[in-house]
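A single chain, nothing else alongside it, follows as structure tokens in the form predicted on its own.
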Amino acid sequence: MNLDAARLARGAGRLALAYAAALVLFGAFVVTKGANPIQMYGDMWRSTVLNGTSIGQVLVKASPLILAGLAVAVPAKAGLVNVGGEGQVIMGAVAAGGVALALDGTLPGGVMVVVMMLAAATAGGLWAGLAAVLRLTVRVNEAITTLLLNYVAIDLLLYLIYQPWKDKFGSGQPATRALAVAARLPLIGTSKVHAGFVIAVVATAVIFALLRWTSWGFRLRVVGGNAEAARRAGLPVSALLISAMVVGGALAGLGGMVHFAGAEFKLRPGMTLNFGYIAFLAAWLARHDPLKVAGAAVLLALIAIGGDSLQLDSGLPAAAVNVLMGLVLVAVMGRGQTTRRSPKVAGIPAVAS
């Protein structure tokens, strides 16, 4: 027990040093831009952490990031690299928007929300499942196919909002008509945080439980450790790989619906700009642990919202916040890898995961 506590303490210490190093390096970058790093961090702290309105904005932004981060973490347990969160989020938003346009006014608001969730999860799951099928049938690496499918999803969204789904009575900008108020995600109490954050938290708990305590999660870890050993042990490797990608894509699709029905209310260009890529960083930052993914997503959302202070108070360019995110990722990922072992299955020796 003492050994475990000491190991946790060392890990926490290394993590704190990594974050501190990232902040110091970003401070040096800020100095080169002619700003005061101490004042800058103070302004960011006051404008985000000490500002109730900004905290609400952080949680709203973190909601789709958590779901898209889980979309990376689940396939990673099976040894897959899902870089397609951006496209899967878009497809989820498109599916939710399409359902809303088709059924607007015909269903009660609560039922409409459920239907949009199902449609978004299905679209995201199928979009990710396509990459898994290509991996298994024609041996195309899923990192490549999921990345390229992002651009296909973007083009599909643009086609729909410029042509068949464009609001003819709008301002002339490429966008759909606004989602009915009754079909929007409700706010939590008197806050500005919508129910999408609750959906993200529940999804995190469910995925954590599935990966930790079910045979499906156990088998994914075995496949991720050594697919050939898992195949020799009689595990359905192909089905497990597909299921991991489909579940991941469904989570990202749900993230697209949460953003659409909770924050945007209409489909428009760039509505999910970089959500999938930021979520990918969150998942790797947390080393694909579901609970840590949620924490990393909130952290990156906090940095993103705090980035407004970089422009308004410190006069830094908008891209500066991306520099800070990158430094945090590099510092944390570089603090050292620990080797874990997967449990033995059917007499097969444990393999590194």
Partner chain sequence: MILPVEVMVGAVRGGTSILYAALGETVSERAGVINLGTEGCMLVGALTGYAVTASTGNPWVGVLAGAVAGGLLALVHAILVLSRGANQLATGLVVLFLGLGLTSLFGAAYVGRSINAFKPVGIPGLSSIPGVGDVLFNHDPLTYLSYLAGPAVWWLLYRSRPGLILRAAGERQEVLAAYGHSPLRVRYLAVVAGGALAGIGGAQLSTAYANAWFENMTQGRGFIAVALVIFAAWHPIRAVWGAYLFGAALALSPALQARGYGFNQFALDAIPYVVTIGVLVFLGRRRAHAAPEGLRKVFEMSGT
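These numbers were taken from a predicted model, which means no experiment stands behind them. Positions refer to the first chain, counted from 1.
What comes next is about the form predicted together with its partner chain, which is not displayed.
K.L.:
Should residue 317 be counted as a contact of its partner chain in the predicted bound form, where contact means heavy atoms within 4.5 Å?
P.N.:
So residue 317 counts as contacting its partner chain.
K.L.:
May I ask you to state whether residue 191 is within 4.5 Å of its partner chain in the predicted bound form, using heavy atom distances?
P.N.:
Output for residue 191 is no: heavy atoms all beyond 4.5 Å of its partner chain.
K.L.:
Should residue 266 be counted as a contact of its partner chain in the predicted bound form, where contact means heavy atoms within 4.5 Å?
P.N.:
Residue 266 lies outside the contact set for its partner chain.
K.L.:
Whether residue 327 contacts its partner chain in the predicted bound form should be assessed with a 4.5 Å heavy atom distance threshold; does it?
P.N.:
Heavy-atom contact with its partner chain at 4.5 Å: present for residue 327.
K.L.:
Counting any non-hydrogen atom inside 4.5 Å, which residue from 143, 205, 187, 182 sits next to its partner chain in the predicted bound form?
P.N.:
Exactly one residue meets the criterion: 143.
K.L.:
Answer with one of 118, 178, 81, 107: the residue that has a non-hydrogen atom within 4.5 Å of its partner chain in the predicted bound form.
P.N.:
Only one option qualifies, and that one is 81.
K.L.:
25 to 33, 44 to 52, 59 to 67, 289 to 297: which one contacts its partner chain in the predicted bound form at 4.5 Å, heavy atom to heavy atom?
P.N.:
Answer to the contact question: 25 to 33.
K.L.:
Using a 4.5 Å cut-off on any heavy atom, which residues of 116 to 136 would contact its partner chain in the predicted bound form?
P.N.:
In sequence order, 134, 135 come within 4.5 Å of the partner.
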